[in-house]
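The chain below stands alone and is given in structure tokens; this is the form predicted on its own.
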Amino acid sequence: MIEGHFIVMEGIDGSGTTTHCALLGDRLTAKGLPVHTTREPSDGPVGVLIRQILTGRVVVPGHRGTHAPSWAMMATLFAADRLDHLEAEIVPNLTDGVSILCDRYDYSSVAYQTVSSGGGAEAARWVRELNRRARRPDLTLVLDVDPEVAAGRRGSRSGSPEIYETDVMQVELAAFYSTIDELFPDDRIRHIDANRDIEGVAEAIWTEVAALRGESP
């Protein structure tokens, strides 16, 4: 059996990764293709814990206020969740011929934990090494969006902001994502201008997915 494609959506908070994973999933399904949409942190046991930390529902010893626990601790938790996610959900589906659409992957770990650490190159290398066993996607779509636009989108959401959703950090993350290709030179990464309306972004994404599949857009 031919394996499915592993496609990842990346970007800062408010870039539209969740929305466009869903839209792409609907479009592939409409073509009669088997698709499974997932996310990171995952819905597995470690992923649930991470989500609780991000939303402030779990009190971590030594963790006060609205700041995240140490970047190294978070990187380790994300890496553990990723391996569980791969073994329990991603790889089995790919092997069965199902294409995976994943809302965030190890690029987020490298971006968020490097910025959290103060932006050092050593931190980026360490997080990459921590995820060295993570299977590489067939296509990664980075949704580039102006931090001000993303902030406006986050402001329209219900619920409290997560611990990484500060305007200052998101500006740093946007800059980091703009050159993330340099840290993953062997990966197929395509940047999408996500400042446009949803339809325009969706069409740009479809052009890249069609190219991956060897089809006309």
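When you see a residue number, it is the position in the sequence shown, counting from 1. As the structure is a computational prediction, the values presented were derived from the model and not from experiment.
The protein also exists as the form predicted in complex with a small molecule; that form is not presented, and the subsequent description refers to it.
Though the small molecule is absent from this view, in the predicted bound form it lies within 4.5 Å of a heavy atom of just one residue from 36, 188, 39, 27, which is 39. A single residue from the set 54, 183, 171, 149 has any heavy atom within 4.5 angstroms of the small molecule in the predicted bound form; that residue is 54. In the predicted bound form, none of the heavy atoms of residue 140 sits within 4.5 Å of a heavy atom of the small molecule.
Residue contact check for residue 99: none of its heavy atoms lie within 4.5 Å of the small molecule in the predicted bound form. In the predicted bound form, the small molecule lies within 4.5 Å of some heavy atom of residue 164. Here the chain stands by itself, but in the predicted bound form one stretch of 89-97, 140-148, 104-112, 118-126, 104-112, has heavy atoms within 4.5 Å of the small molecule.
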